[in-house]
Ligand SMILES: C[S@@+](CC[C@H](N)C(=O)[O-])C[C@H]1O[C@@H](n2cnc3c(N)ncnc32)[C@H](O)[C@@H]1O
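Below you'll find only one chain, the form predicted alone, shown as structure tokens.
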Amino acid sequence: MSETNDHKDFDVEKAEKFGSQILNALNNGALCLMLSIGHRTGLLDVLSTLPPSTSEGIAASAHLNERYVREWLGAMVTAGVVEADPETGQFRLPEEHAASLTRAAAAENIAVFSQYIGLLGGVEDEILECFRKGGGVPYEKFSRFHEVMAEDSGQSVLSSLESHILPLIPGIREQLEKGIKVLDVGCGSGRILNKLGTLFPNSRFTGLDLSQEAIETGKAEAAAQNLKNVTFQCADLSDFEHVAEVEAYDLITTFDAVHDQAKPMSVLKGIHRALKSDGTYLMQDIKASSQIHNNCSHPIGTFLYTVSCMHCMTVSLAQGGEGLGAMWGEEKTREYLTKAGFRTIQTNELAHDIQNNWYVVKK
């Protein structure tokens, strides 16, 4: 096609619309950094409790430096998060906005997830090298990752563990109350397991994770709560299909953990091996399709692909693993579960959870 025809076919309206979209993305990326700071400093929580206040008053209430608070407020106002009165110089966070941005919002608090943007940005140079040379970025390069993940799971899992998640498995509460053996594979910092240990003292819980840092956090929390029925072990799960105890557990769980393993099939075969014949495997994983084009309408599709590229996929590749990625999707999840030997796979969705599928799996 000639240069003249190329120019003739150029859609100016489309170009302008896309340019505006990218400018919005730039502003929204910056906003995520500011939301993360607002969450971590407690500024958003403080603002939600204050009447219209000056930057000095807000800073004093939050015990923070006024100059930084004032500049942060500039970002919040221009983003439409915080309202400003030019006559009084006062600021307020509308309660309708606080409903999505404060700790009081519990599972609705999106500010928690904004922390991932800065966290992932911290490994951008390492990821850039992987684009050029292959390989991956190991877990230890991600500062605060387990801390943020623990807070994330505290919202998405702990808040609905009793009300929505356990009821997905008929009769499991009664079994846990009576006393069964439970294994959590890829347990992270162990908040979920420690919660279960508190709720069901007659059952025994074991958590496995590759990260020594995460395991130590789980142990410390269990010790602080004087939990005698919860144990944690640091373990590389790459060979789990060969080392897992045979039919040792009544319930096995994975919470957003399979897709970033080096060898996810080995992990799933190990779970199949370790699960009793009448036991249940509860698997939380990302709600998505295995086909990219089917995820165009996903409400947080871009975010999840980014987290996958800059964490889930790369930490697996850093171990010489498969690099499955967070967006492996339901189709591939079912394929892997079937190949691992499972015969009954039920997919559940929770109305309040736009991010995850909940699979109830049987041998």
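Quantities reported herein were computed from a predicted structural model and do not represent experimental measurements. Quick note: we count residues from 1 along the sequence shown, nothing fancier.
Not pictured, yet referred to below: the form predicted together with the named molecule.
Is there a non-hydrogen atom of Phe232 within 4.5 angstroms of a non-hydrogen atom of the named molecule in the model of the complex?
Outside the cut-off, so no.
Contact with the named molecule in the model of the complex for Phe255, defined as at least one heavy atom pair within 4.5 Å: yes or no?
Contact with the named molecule, yes.
Even though the partner isn't displayed, in the model of the complex is Thr54 close enough to the named molecule, meaning a heavy atom within 4.5 Å?
Taking the distances in the model of the complex, the answer for Thr54 is no, it never comes within 4.5 Å of the named molecule.
Using heavy atoms and a 4.5 Å limit, would one call Asn194 a contact residue for the named molecule in the model of the complex?
Contact check for Asn194: no, nothing within 4.5 Å of the named molecule in the model of the complex.
Spot the stretch among 222 to 230, 169 to 177, 127 to 135, 141 to 149 with residues whose non-hydrogen atoms come within 4.5 Å of the named molecule in the model of the complex.
That would be stretch 141 to 149.
The named molecule: the contacting residue among Ala262, Ala75, Ile117, Val123 in the model of the complex [heavy atom, 4.5 Å]:
That would be Ala262.
Of the options Val112, Ala105, Leu210, Val82, which one has a non-hydrogen atom that comes within 4.5 Å of the named molecule in the model of the complex?
Flagged contact: Leu210.
Where, within 223 to 246, is there a heavy atom within 4.5 Å of the named molecule in the model of the complex? Residue list please.
Read in sequence order, the residues that approach the named molecule (within 4.5 Å, in the model of the complex) are Ala235, Asp236, Leu237, Ser238.
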